[in-house]
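Shown here is one chain on its own, the form predicted on its own, set out as C-alpha cells.
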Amino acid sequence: MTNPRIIWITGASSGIGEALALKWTGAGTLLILSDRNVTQIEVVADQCRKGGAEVLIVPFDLTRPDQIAIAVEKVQSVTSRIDILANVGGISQRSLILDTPSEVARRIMETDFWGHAELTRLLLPHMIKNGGGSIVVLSSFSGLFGFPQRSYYCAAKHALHGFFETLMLEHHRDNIHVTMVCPGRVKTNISYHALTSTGQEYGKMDIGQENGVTAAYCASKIDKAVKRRSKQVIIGKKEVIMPYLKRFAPWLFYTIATRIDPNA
C-alpha cells in the first residue's frame, strides 16, 4: 500500500466511532480501531476490510493509563505517522449530582476526558515529528452547556473543549488541526450504556434519541468538517438552536432548559 491515509479511531466498536470507520474505509487507508469491546470491534474491522481498508485492532481501556501507553507504543511500532486521530470513545450519565458517588463520577471523567487527553498527549510528539495531522474530538451539546442528570458527563465534555482548544493554540504552527464535534440527539446506544448512580447501565434509550440523526449522518458531517479544517461542528435537528440560544439569548435558553425532561 503506497502512502496510505492512516486513521486511529477510539470507541470504534459502535455508534459514531463505527460510522466513522465505515465512512473512512477504502483502498489506501489504514484504520487503527480501538475499544474495550474486542468482539464487536472485530465485526467492524471485517466490514472495513471488505471496503478495501487495511485494519489494525488495538484494544484498550480509556480509564487505564498503562493500557493507553502500551497502545501508543504498539501503533508507533507499526506506522510512521497518524493523519487523523478521532477521540470518540465515551460513556454518558443518568443520575443527579446528589445521588452520584465519587467512584462513578471518576469513571465518567476518566473515560470521557482523561483517557482522550492522555492518548493525545502521548501521540502528539509523533504527529508533530511527522508533519502534523487532524485531531477529531467527540464532544456533545453537553460540552456547550449544562444539562440535568449529566453533571459529570457535562464536566468531562467541557474539559475537552478547554484542553483541545489550548492544544490547538499551542500547536497550530506544527500543522495540528483540531475539530470539536458537538452532536445533539443521535440514534446510538449511548443512553443504554450510560451510568446511573449505582454505576450500573441505564439500559434504555431516551425517548427523543429515537428521533435523532443517524450515526452515519454524523460521520458524514465530521468528514466534511475535517476536510474543511473546521474548529467546531454542531450536528442535530431542531435542537441545534440550543447552543445559539445559550450564546445569544441566555434568558430564553434557561427558560427552555429548565422545562426539558432530561430523559425525553
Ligand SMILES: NC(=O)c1ccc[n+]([C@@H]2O[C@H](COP(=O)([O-])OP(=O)(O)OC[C@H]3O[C@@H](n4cnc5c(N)ncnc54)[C@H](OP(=O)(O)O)[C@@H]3O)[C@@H](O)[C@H]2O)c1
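All residue numbers refer to positions in the sequence shown, first residue = 1. Since the model is a prediction, treat every value here as computed from it, not as a measurement.
The same protein has a further form, the form predicted together with the ligand, not shown here; the description that follows concerns it.
Contact with the ligand in the predicted complex, judged as any non-hydrogen atom within 4.5 angstroms, is confined among 72 to 80, 162 to 170, 124 to 132, 180 to 188 to 180 to 188. Using a 4.5 Å cutoff between non-hydrogen atoms, His158 does not count as a contact of the ligand in the predicted complex. In the predicted complex, the ligand lies farther than 4.5 Å from every heavy atom of Gln200.
Contact between Leu119 and the ligand in the predicted complex is not found at the 4.5 Å heavy atom cutoff. Heavy atoms of Ser95 never reach within 4.5 Å of the ligand in the predicted complex, leaving it off the interface. In summary, among the residues Ser230, Thr196, Gln209, Thr29, the only one with a non-hydrogen atom within 4.5 Å of the ligand in the predicted complex is Gln209. Using a 4.5 Å cut-off to the ligand in the predicted complex, each of Ser14, Phe60 and Thr63 places a heavy atom inside that distance. Contacts between stretch 129 to 146 and the ligand, counted in the predicted complex as any heavy atom lying within 4.5 Å, involve Leu138, Ser139, Ser140, listed in sequence order.
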